[in-house]
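Below sits a lone chain in structure tokens, taken as the form predicted on its own.
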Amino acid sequence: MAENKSIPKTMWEPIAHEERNKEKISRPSVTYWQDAWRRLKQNKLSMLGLIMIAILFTLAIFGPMIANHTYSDQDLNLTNIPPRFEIYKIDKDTFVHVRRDYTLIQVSEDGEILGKVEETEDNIFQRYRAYKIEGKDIKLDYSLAAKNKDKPNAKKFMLLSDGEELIPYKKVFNKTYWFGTDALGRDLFIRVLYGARISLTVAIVAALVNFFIGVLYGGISGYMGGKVDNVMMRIVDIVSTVPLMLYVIMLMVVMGAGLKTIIIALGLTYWVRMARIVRGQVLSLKEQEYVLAAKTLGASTWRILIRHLIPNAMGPIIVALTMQIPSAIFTESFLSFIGLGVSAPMASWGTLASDALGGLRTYAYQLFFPSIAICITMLAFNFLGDGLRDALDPRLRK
């Protein structure tokens, strides 16, 4: 029978704390895109931009569907009504608003527009208008406007009820037209939403053109190299030397002004920068070992380009794509602003800004809303682009 041999206690040594945790997995394994999304979520401005873009798309798609007006509906009796205005109390349930052209609009106490009040007398010589509202004689005397035209803060009119001057009751928000109305009585809120549709359509077209033309063209040029690369890049140089404005003007001569002309012009020119970016990425990637391994296994040129090179260059591609979208939106707005974009009665942010210039000093809100829409959209895409640039850079991975 074998003897029981005990192991001396001196042979047992406790494991150091560092050795104990050496093989411990500090975090679960994640893919490149999972890690990029994790880092993107840590960037508050980028997430803010992403949320703003999602809200913009939602409003542009569904907002006009549930609205009571369309972008072309006009009511010349309700022109130039601001989004917030003063009201005057005639009696218990009757309120009016005095417009800049010294006419009366009947409103509710909470700001709902009820309609224009028809005058019973319009004396242009003594500068007053008379009304009959709920049995009361209302007189709107605007003779002070001429006397105080050089005094911005001076009183311009008096509103009298049975000879007694009325004072403003309170200020209310416009419940019928949230952003007010324009010079033709159209709902500015709905027109801004339709402008968002046009701008986002241009953004989507620019993204698709960049992705399907610029990426493939630059990828083929960079991978083939040699004379093929030289010829393809000279074509890019020729296309980029002609200004976008000239393309738009030439297309307008043939096709006329409109959204289709802008989309075709962007399609002809906006892929150039993306092609150069992708070419540079492919030139640096095509000498990698995995490309040589794919060639050794008999992979075709097309397969190597589509399955290996372009996916490995997707980080810079997505960043460039995100940064070029606001540029396309601003280009469309600028062309519409100078009269080379969409034609009336369609609503584009640039068209709305151009229409508002004539009444800038009197109706500044008509320029404010399309301008702030352009600013918010461009900032949102730029915030998202900056965040993607940091999130997709593997050198910043922690």
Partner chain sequence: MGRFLANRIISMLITLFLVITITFFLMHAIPGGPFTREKPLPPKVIEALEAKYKLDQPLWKQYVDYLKGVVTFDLGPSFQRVGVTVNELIAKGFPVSAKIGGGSILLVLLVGIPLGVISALKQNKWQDQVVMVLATLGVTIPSFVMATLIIYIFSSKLGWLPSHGLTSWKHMIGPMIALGGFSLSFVARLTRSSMLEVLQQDYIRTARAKGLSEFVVVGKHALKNALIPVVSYIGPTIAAILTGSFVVEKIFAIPGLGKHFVESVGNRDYTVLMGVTIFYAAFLVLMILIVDILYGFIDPRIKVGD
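Only the largest set of C-alpha atoms that superpose within 1.5 Å between the two forms is called the rigid core. Numbering follows the first chain given and starts at 1. In this text the structure is predicted, and so the values were computed from the model without any measurement.
One more form of this protein, predicted together with its partner chain, exists but is not displayed; see below.
For the candidate set Leu292, Met250, Ala130, Ile204, a heavy atom within 4.5 Å of its partner chain in the predicted bound form is found for exactly one residue, namely Met250. Just one of Pro168, Gly225, Pro243, Gly280 comes within 4.5 Å of its partner chain in the predicted bound form, counting any heavy atom, and that one is Pro243. Across the proposed site, Ile338, Ala364 and Asn382 without exception bring a heavy atom within 4.5 Å of its partner chain in the predicted bound form. Shown alone here, Ile238 lies within 4.5 Å of its partner chain in the predicted bound form, counting heavy atoms only. Shown alone here, Ile61 lies farther than 4.5 Å from its partner chain in the predicted bound form, counting heavy atoms only. Contact between Leu357 and its partner chain in the predicted bound form is found at the 4.5 Å heavy atom cutoff. None of the heavy atoms of Leu388 is located within 4.5 Å of its partner chain in the predicted bound form. With the core held fixed, the Cα of Pro243 is displaced between this form and the one not shown by 2 Å or more.
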